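Listed next as structure tokens is one chain, alone, in the form predicted alone.
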């Protein structure tokens, strides 16, 4: 039966590229699929583009380390590292390939996910752009919107493969789309074969977060995961009928078993019976998982339902400024000292007329992760950090707040140290999610290919 091997190369911007090298060198893969984006990433990239219009794509060591080995092994790369400037990423890869002497490399850039110029038109057509979570009216933020990107599916990437692309760079796509595309292309799946498409989406979901299905970030017996310092990224053997095996490169660290796979299977899944993507609605309760051998889990019986008629759009908008500062206190009575410092700063804010839209006081070492679930009086804590974060409508107020903290080293409770009082204010990007008819997005998708001469 016909099959294809696909390797995972990246789970987020900043992920280690070295396990991806192992996938390319010893994973016997034909494709390296990489998920570099998140909503947070788009916000960061937007800030970069505001400073430099040529930026707005993911820049890290990935292509510098992987481009040459992939070319030597004949491995094609698919990535959404184009962020909000896919053409900028395409130019970067083109120049890198030319500097490395890689000739004949075909680089495809896929655009069309950017719907910012269409928002007014969509509203005129009666498209409901209310926030999916709050139900808010988009008119409340329309003058502050800085980007709007729809989630594309795998189809444009399949078309790019049909055009002979060796590297495919997209903007915002669904996370598993980079993995599904080579399956559809190699195995001849049709776009209405919902069960097989769902099987491909499941495999993409199991691989999109790099080592999370091979023992990384595992909440079970994580202390028994072998050789995490050289953990292996997942590799999928996918067959024509939709069956698949999840494994990793031989000789790498980590572990692939039912527990690591199932944990990633449910990661970021709201309704396991209806995992909605642009390509198919997958039923994650349908497949059968069986350990086939060491670090090999076979997955069969996946079911899917027709794709949705709407695509999700992530809209980013300017949402004020954040001022932030930290003071750290040592034992004894570290938590009492931090609480007293909070009391002092609250009174100073009131006396100075410092207003804010939102403020957070948290105690690092006590409740910064647990929040209201933190228990105990904290009397025996070795150290506590008081972190104050304030959201304001203007930059000057955000910059003013942290300056109140350094004087507390001498004017407040004893043993204060490590002040972050002069941290620079940061502009905040709010996120808004809406649905738009898929035809309105897909009709503007374009694929351009440039070959390195």
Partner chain sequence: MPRVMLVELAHARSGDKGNTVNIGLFPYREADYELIKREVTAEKVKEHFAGLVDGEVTRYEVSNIQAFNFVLRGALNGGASRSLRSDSLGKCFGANLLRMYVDIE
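Residue numbers count along the first chain shown, from 1. What you are looking at is a predicted structure, and each value in this text was computed from that prediction instead of being measured.
As for the form predicted in complex with the partner chain, it is not shown, yet the points below apply to it.
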* Identify which of 42, 389, 423, 67 has a heavy atom within 4.5 Å of the partner chain in the predicted complex; exactly one of them does. => 389
* Asked: Of 285, 140, 382, 224, which residue is found within 4.5 angstroms of the partner chain in the predicted complex when only non-hydrogen atoms are counted?
  -> 285
* Answer yes if any heavy atom of residue 347 is within 4.5 Å of a heavy atom of the partner chain in the predicted complex; otherwise answer no. => no
* **the partner chain contact at residue 91 in the predicted complex, heavy atom, 4.5 Å** => no
* Does residue 124 make contact with the partner chain in the predicted complex, using a 4.5 Å heavy atom cut-off? -> no
* Asked: Though only this chain appears here, would residue 194 touch the partner chain in the predicted complex if you measure heavy atom gaps against 4.5 Å?
  -> no
* **Three-residue site 212, 322 and 362 fully in contact with the partner chain in the predicted complex at 4.5 Å by heavy atom** => yes
* Which among 327-335, 77-85, 163-171, 214-222 is in contact with the partner chain in the predicted complex, heavy atoms within 4.5 angstroms? -> 214-222
* in the predicted complex, residues of 244-268 near the partner chain [heavy atom within 4.5 Å] -> 259, 262, 263, 264, 265, 266, 267, 268
